[in-house]
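As a starting point, one isolated chain is supplied in structure tokens, in the form predicted on its own.
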């Protein structure tokens, strides 16, 4: 399993080397944000902490936590820590309501992003010269550009397809011998559907790198089987600098490797803010160590995960591994006293023979009380009773819902919307 590295020295560094580097970089980034940004300085001062108070890695706990709200309140560039003329690119959060989050980049930030993404490509088995087909949008959303910057750094042959026109995507992959496909999770499913319609095979396609949406194990298997590829779960967000900045799983598929030379991750109890033990599920908190324009400090991601291991992996990498994201705190749905996440619904649906990959979760609110409807696509013979029974066993209550013929629920060429909220009169 060993041997596919972009930066072998750093990816296989010892735990002592990683923590020494993290300590140095933590001190430096705290000085940087404190000295260069008034909002950060006031935040630190209000919590009684100054740069000289950060002496060891454990001192990260002294720093104030931040969240998406402080980024929105500082829109557009209030949290930037560099002069305006040093900013050469920007990207913006997708799928959020209200004020968006803007992430500015210096030349150094783009190089950092490219380094992290290139590691992800190599970790998935990508080699210089491989054709990579990039299907995320090239625009304000960071996906397309992040995949592009990393592919260039990894020496890949870039096919910048962008989203949509799926028949053309399939033809391009066939004609240009695409070996690596990147995209949002739901678009992988759409490509499978179109390939079946075209009666087309892609014998050169071997690797799929997907992210941006909840990614259950049953869904990974459907995409892997449907495309005949090995599937990888990539992780990163606008606030950390974009896709791939935090990491990805390797060929062992035993958790997501976090690039610890660039980020410190903590897992906290979302109610108390206190650290939890390794192995215990909590909210991921991220501190960016090497970004210049806008390094987040103890950023509460709202993503739920747990530390799987801090030991070296079979792939040779030594960076901490966290579990794939199980859900987001703000995505939790409460119905009839039961708390659950959309990913749990997906996991259940994917295990019902004949149920398709496209589904809707409709939260119906009446007088402050939530009910839920789950609509699915399925082959002939699948009944609503079968779906309801499986969901009751998994969730503890019986949702309403309808079964539609395959292909009848709406499709999107980009990031799928699975959860809909509806006010009932």
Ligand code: DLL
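Numbering follows the first chain given and starts at 1. These numbers were taken from a predicted model, which means no experiment stands behind them.
Although it is not shown, the form predicted in complex with this ligand is what the next lines describe.
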Any chance residue 152 has a heavy atom within 4.5 Å of this ligand in the model of the complex? no
Taking heavy atoms only, is residue 235 within 4.5 angstroms of this ligand in the model of the complex? yes
Looking in the model of the complex, any heavy atom of residue 126 within 4.5 Å of this ligand? no
Taking this ligand as it sits in the model of the complex, is residue 188 in contact with it (heavy atom to heavy atom, 4.5 Å or less)? no
Pick from 258, 325, 293, 205: which residue has any heavy atom within 4.5 angstroms of this ligand in the model of the complex? 325
Give me the residue from 159, 320, 114, 214 that has a heavy atom within 4.5 Å of this ligand in the model of the complex. 214
Interface segment, criterion being heavy atoms within 4.5 Å of this ligand in the model of the complex, picked from 195-203, 72-80, 347-355, 238-246: 238-246
Could you list the residues in 123-152 that come within 4.5 Å of this ligand in the model of the complex, counting only heavy atoms and keeping sequence order? 141, 142, 143, 147
